[in-house]
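Okay, so here's just one chain, in structure tokens, the form predicted on its own.
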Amino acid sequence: MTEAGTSRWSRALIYALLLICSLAFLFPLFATLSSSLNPRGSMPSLLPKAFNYKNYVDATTMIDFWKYLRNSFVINAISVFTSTFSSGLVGYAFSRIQAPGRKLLFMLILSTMMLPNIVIQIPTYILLQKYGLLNSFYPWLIWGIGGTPFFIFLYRQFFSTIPKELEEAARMDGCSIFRTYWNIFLPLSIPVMVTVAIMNFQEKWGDAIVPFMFLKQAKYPLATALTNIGYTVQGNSELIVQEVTAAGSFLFMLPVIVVFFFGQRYLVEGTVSAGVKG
């Protein structure tokens, strides 16, 4: 077989694997959409037996859908804005500012990624209860200001790739450390910034456990409401309406899908640029 023939077969095999993986990842989304359009009480099927759009109307009326959706957006806005900004600032400090113990402190921060989240939730709950911060959105503000170890790592890796001469030129022009970061490094880090914002949004949007622990029902985000309240038959809280649940789940996924499609170019670019230099 010629080299060109081998290359064609290799390319075909790669496309086949990519197609299989794509179908595997898209199947849950398609199954949810298909189930959400079925009439109530129908048997599950791969393709919808009808286009019952009323399930989507019920999904927004059987529970206080818009209030929970608003809570989700508030939590995400607080977390994404604060965490994206503070993680960039800390990553810049670890990358460009020489200080004793810098490497040790960076390793300590990275090591916290190894801690299971459930381990720190109980002491966090006790601490928030002591300071009267339960059933409020202040914890997400505090966690955001503190930054996120993985995002700090991404920023630090990206800033390490920027030539030192650029920073020295800014200092010769009289820029302070913060102004060098704000005017030069931060605009250059837009791909990483968008990547961090998307990853943070996706993480907080789907988090149902932490809000369940720290908030009461009126302040639940949509993920917690769908998990703990759900769509049940009136008068029988044990009987779940599967088709309406699927419609609510599909509506819940839409913001993440939209954010991904608008930011996918930056997501790939930011991930690659952050991994250029170790």
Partner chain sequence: MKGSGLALNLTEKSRRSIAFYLMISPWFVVFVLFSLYPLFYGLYLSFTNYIGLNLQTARWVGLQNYKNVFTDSDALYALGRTVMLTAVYVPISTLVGLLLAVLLNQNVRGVGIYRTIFYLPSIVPLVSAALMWKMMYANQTGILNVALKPLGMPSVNWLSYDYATMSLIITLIWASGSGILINLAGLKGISKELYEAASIDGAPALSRFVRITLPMMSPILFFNVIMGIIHTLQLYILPILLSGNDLLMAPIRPNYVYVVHAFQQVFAFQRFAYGMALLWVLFTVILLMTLVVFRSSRYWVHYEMEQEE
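In this text, the rigid core denotes the largest set of C-alpha atoms whose superposition between the two forms falls within 1.5 Å. Residue numbers count along the first chain shown, from 1. Since the structure is predicted, the reported quantities are computational estimates derived from the model, not experimental observations.
From this point on, the text means the form predicted together with the partner chain, which you will not see here.
This chain is drawn without the partner chain; in the predicted bound form, the residue among Ala59, Leu37, Leu226, Leu215 with a heavy atom within 4.5 Å of it is Leu226. Of the residues given (Met172, Ile190, Val119, Leu166), Val119 alone sits with a heavy atom within 4.5 Å of the partner chain in the predicted bound form.
The closest heavy atom approach of Ile162 to the partner chain in the predicted bound form falls outside 4.5 Å. For the chain shown alone, Phe252 is a contact residue for the partner chain in the predicted bound form, at least one non-hydrogen atom being within 4.5 angstroms. At the 4.5 Å threshold, heavy atoms of Arg265 stay clear of the partner chain in the predicted bound form, well away from it. Shown alone here, Thr124 lies within 4.5 Å of the partner chain in the predicted bound form, counting heavy atoms only. If you take 169-200 and check each residue for a heavy atom within 4.5 Å of the partner chain in the predicted bound form, you get Arg171, Ile177, Phe178, Tyr181, in sequence order. The Cα position of Leu254 differs by less than 2 Å between the shown form and the other one after fitting on the rigid core.
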